[in-house]
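Quick heads-up: it's one chain on its own, the form predicted on its own, in structure tokens.
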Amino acid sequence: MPLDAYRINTEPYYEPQDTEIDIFTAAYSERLPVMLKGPTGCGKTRFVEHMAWRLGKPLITVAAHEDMTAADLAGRYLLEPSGTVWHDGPLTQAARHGGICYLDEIVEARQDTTVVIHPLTDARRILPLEKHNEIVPAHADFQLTISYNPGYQSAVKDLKESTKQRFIAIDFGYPPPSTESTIIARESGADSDLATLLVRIAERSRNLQGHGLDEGASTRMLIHTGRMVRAGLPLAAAVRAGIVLPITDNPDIRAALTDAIAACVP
């Protein structure tokens, strides 16, 4: 099958936080597009991978960026030894053959690029390929999922209302402490005491959000830190390299964060 390479054969580990699995399942059953909203590193991409595995559907992931064009999504003509040949883009592949297309951090793309998804996210469920003179009707198994971080919204980088209102939305946050500890232990190989300590460190950093930090330590950062400790790095060095230095370049904020972390380390 055309999309077999995009099938996920091993269950991606995911700890549910609320009713997100039920919401996504219901949306997919009706082939409604889904929008995942939440801070960076909180599990949005892992959730989509888990749902693709759970539903048994191929998953094509596209990392949006400011230089991405509509042709990057839809497709383009390329010169080959045999001549000029049309190549479907990832969005067209998913729409034509049936799969989940996941556009990660969609607000990073230009608005004139994202409008290409509009005909696929309403009752038409079509993808016009103007350069190929073709209209691709969406396969019955096609579904579109996008994600973005509301914390980075601005007048320049935000979704149009005409785009937002086409989607079912699921709100993500960092998991509750007990769940986050379980995730860190499972994903990093850290013992439960270290996982619990890393969650306490994260809570201290998240308390500084809006007071010098745009965001606190993500679950992903905690997993990386736990893996560094497992590799033999002392805890203090792992926390500095995995949390403090990546999260801010401001020396005063780094000092405040270091002090806050020190207060919860035995």
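All values derive from a computational prediction rather than experimental measurement. Heads up: residue numbers just count along the shown sequence, starting at 1.
There is another form of this protein, the form predicted in complex with another copy of the chain, and it is not shown here; the text below is about that form.
A241 is the sole member of L55, A241, L208, L235 with a non-hydrogen atom within 4.5 Å of another copy of the chain in the model of the complex. Exactly one of the stretches 136-144, 178-186, 192-200, 71-79 approaches another copy of the chain in the model of the complex with heavy atoms within 4.5 Å, and it is 71-79. Residue contact check for I23: one or more of its heavy atoms lie within 4.5 Å of another copy of the chain in the model of the complex. When another copy of the chain is considered in the model of the complex, G216 lines it closely, a heavy atom lying within 4.5 Å. The shortest heavy atom separation between P150 and another copy of the chain in the model of the complex is within 4.5 Å. The closest non-hydrogen atom of P251 lies beyond 4.5 Å of another copy of the chain in the model of the complex. Contacts between stretch 85-105 and another copy of the chain, counted in the model of the complex as any heavy atom lying within 4.5 Å, involve P90, Q93, E105, listed in sequence order.
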